[in-house]
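Below you'll find only one chain, the form predicted alone, shown as structure tokens.
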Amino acid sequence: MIYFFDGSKEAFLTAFLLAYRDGEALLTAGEKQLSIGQKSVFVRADPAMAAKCERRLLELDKRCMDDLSFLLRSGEGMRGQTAFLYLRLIAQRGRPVRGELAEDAVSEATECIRRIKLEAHRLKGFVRFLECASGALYAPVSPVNDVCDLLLPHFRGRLGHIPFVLHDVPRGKAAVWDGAHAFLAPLQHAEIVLSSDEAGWQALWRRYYNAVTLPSRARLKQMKGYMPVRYWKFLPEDPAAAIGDLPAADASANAGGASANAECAAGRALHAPSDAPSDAPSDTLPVKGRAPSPQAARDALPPPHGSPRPPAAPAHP
């Protein structure tokens, strides 16, 4: 039997109770192709059943609801089944099983939670805010997992006096800090008016990025390990341009990852050419002039202390 649920915690716990004794149960919050003769049911959340299930599981493992919260954030299609098998093992053993990695249910759940936490940690460094005319900050992101609200405490601690919006573009939702309250809100499409200084800040950041990039020492594989390509589309520094063109396979994968919703004003702003004409639309962020090449930027830097500057190359006639 396949148990479909809407992805919420209450619906999952309701489905968990219904499927607990079903040896062939499969829980999913996404689409699933049914086999011939296979049965399915869509489970609606029952608050009373969900509360009963939660109380019982917490008696067995006080941290299991924290684990469930992470597992339901996963962008994987089998997240419901991963959570079901993990919690059912806790119920069968009558105790926490967190360290029993020899069990497939435990190792899969542990690895899933690790990937979610890793993505939340990475995005603390990959989020790029745009300054709006109102003074608020806006950042489009495209995470694999549902982690936007996990980033709120980090940025609220750094930008406590500035309102900001973290827009999860693929999921059509946003984590918002209004300067006093944090909350989640649906947001399918963002229409923003950028401040007059935003283009200058982006140009300055690209100039710095180009200045510290050494194309002759590019380590593309290592770079993509620390900075996965799926995050590049919202980075104003445009790493692909700084290190040279990506291989065809990587470039096509990067282009295919951008959804239609990502083509909002902010997304286009991040990729605006720096030599756009002055009469371009405001959401393309025209920037006068072009950032210097890495070699020109290095030549402009002062020599190390005590080292004479090499003589300039003679100009060609």
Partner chain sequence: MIAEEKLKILTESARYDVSCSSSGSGRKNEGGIGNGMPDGCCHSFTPDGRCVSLLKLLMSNDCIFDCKYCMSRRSHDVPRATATPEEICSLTVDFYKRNYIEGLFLSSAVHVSPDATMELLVRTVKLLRTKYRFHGYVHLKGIPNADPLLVSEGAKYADRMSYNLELPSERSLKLLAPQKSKESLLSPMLRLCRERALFQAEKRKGFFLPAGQTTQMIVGASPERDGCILRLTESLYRTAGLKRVYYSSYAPVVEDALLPSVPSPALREHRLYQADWLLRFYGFDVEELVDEGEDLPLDIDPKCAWALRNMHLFPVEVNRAPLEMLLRVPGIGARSAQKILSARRYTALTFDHLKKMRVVLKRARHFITANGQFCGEEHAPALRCLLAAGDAAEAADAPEQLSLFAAGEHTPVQLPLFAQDAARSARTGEL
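Treat the numbers as computed from the prediction; the structure is a model and nothing was measured. Positions refer to the first chain, counted from 1.
Just so it is clear, the following notes concern the form predicted in complex with its partner chain, a form of the same protein that is not shown.
> Is residue 128 a contact residue for its partner chain in the predicted complex, using a 4.5 Å heavy atom cut-off?
Yes - in the predicted complex, heavy atoms of residue 128 and its partner chain come within 4.5 Å of each other.
> I'd like to know whether residue 181 contacts its partner chain in the predicted complex, with contact meaning heavy atoms within 4.5 angstroms.
The answer is no: residue 181 has no heavy atom within 4.5 Å of its partner chain.
> Is residue 154 close to its partner chain in the predicted complex, meaning a heavy atom pair under 4.5 Å apart or at it?
So residue 154 counts as contacting its partner chain.
> Heavy atom to heavy atom, is residue 107 within 4.5 Å of its partner chain in the predicted complex?
Yes, residue 107 sits close enough to its partner chain in the predicted complex that at least one of its heavy atoms falls within 4.5 Å.
> Non-hydrogen atoms within 4.5 angstroms of its partner chain in the predicted complex: do 56, 65 and 74 all have one?
No, because 56, 65 and 74 lack any heavy atom that approaches its partner chain to within 4.5 Å in the predicted complex.
> Could you tell me which of 169-177, 199-207, 182-190, 81-89 sits within 4.5 Å of its partner chain in the predicted complex, going by non-hydrogen atoms?
Contact criterion met by 199-207 only.
> Even though the chain is shown alone, can you say which residues of 132-167 have a heavy atom within 4.5 Å of its partner chain in the predicted complex?
Sequence-ordered list: 137, 154, 155, 157, 158, 159, 160, 161, 162.
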